[in-house]
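Shown next are two forms of a single protein chain, provided one at a time as structure tokens under the names structure 1 and structure 2.
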Structure 1
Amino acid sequence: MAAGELEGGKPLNGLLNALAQETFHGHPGITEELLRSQLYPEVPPEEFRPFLAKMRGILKSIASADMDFNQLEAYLTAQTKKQGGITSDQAAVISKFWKSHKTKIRESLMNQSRWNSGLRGLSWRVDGKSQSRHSAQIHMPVAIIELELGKYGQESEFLCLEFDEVKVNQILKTLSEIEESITTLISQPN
């Protein structure tokens, strides 16, 4: 097999994109055969399969370690030196891919590891309760908050909450305690 057929460039970038979609972003269903025929039509299936597995393994290792650019360079250099490793052209394509997709992949990994519901959205309005001539009710504004919650890969659930002004301020106090905790955590040395 000519090494040139599996060289870097656009096909490898496309392959890495497809692998990322499948492995991290939860969009499986891109078959090996489809990838091969679209990106590497000249390469026979029995050679494409180990190549795909190798690229998948490399991408998973990089993502799992959340490599910074120094670690990435060291890792890819080591891969170019091993038996059955990658070429330096391929290393360059992988490096460029990770640099531009790192944030998004990391976000997907974070979402995948959260097994509770996440907060997908929040909308609110404030209603003023008007006084009726038959009731002694005083004008009392009310905040109506709708939380959109959802587990990874599942449909959203909506939770509607009503708060009066006193309650809003109580929550605000709690939220400021949380913020203080976060500040303390972030300012602590690792």
Structure 2
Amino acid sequence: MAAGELEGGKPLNGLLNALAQETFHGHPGITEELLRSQLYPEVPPEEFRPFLAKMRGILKSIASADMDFNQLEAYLTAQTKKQGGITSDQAAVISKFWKSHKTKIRESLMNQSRWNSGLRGLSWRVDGKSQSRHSAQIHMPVAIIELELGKYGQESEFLCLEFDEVKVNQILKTLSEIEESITTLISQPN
């Protein structure tokens, strides 16, 4: 294989994008044959396979270490000096790719690593009660809180909570106590 066949910036950037989609964003169906035929049609499969494995490994290493740009620079420099490593042009493409995709990849990895539901949204309002068993409670203010909960890749569930004035005051008191405890812990000398 000629050295220039795997050098081009556009095909390598396309390959990195496809690997990120497959590996980190959960888009199956991106096959080795598809990548080779679309990005490197002149390269035989037996030469493309190790190149693909190398790029996949480099991308996974960078993402799993959540490398900042100084770490990335040192890592890529080491990869260029390694026997069977990458070229400086490939390192430049990888660096540029990571700089523009780091946040999305990190976000995706964080979402995939959550086991429990997370809070996706919160809305609240204060209403006047329009129905009650006791007529004295009609038109009393109530706080209504809607929580949107969900796991990565699944539909949201909604939880609606209704609080009267007494409950709201209890919650505010508890939150104040928590705030005081945190302030006390933070202000203590080590």
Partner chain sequence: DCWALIRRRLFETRNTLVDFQWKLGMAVSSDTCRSLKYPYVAVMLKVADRSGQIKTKCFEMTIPQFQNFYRQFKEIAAVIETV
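By convention here, residues take numbers in order along the sequence of structure 1, the first being 1. Under this definition, the rigid core comprises the largest set of C-alpha atoms superposing within 1.5 Å between the forms. Since the structure is predicted, the reported quantities are computational estimates derived from the model, not experimental observations.
Engineer: Just checking, which of these two is the form predicted together with the partner chain?
Structural biologist: Answer 1, the form predicted together with the partner chain.
Engineer: Superposing on the rigid core, do we see a C-alpha displacement of 2 Å or more at residue 57 between the two structures?
Structural biologist: No, residue 57 moves less than 2 Å.
Engineer: If you line up the core, does residue 120 shift 2 angstroms or more at its C-alpha between the two structures?
Structural biologist: The answer is yes; the displacement is at least 2 Å.
Engineer: For residue 177, is the C-alpha shift between the two structures 2 Å or more after core superposition?
Structural biologist: Result for residue 177: yes, a 2 Å-plus shift.
Engineer: Quote the shift of the Cα of residue 146 between the two structures to one decimal place in Å, the two forms being superposed on the rigid core.
Structural biologist: Displacement of the alpha carbon, after core fit: 3.7 Å.
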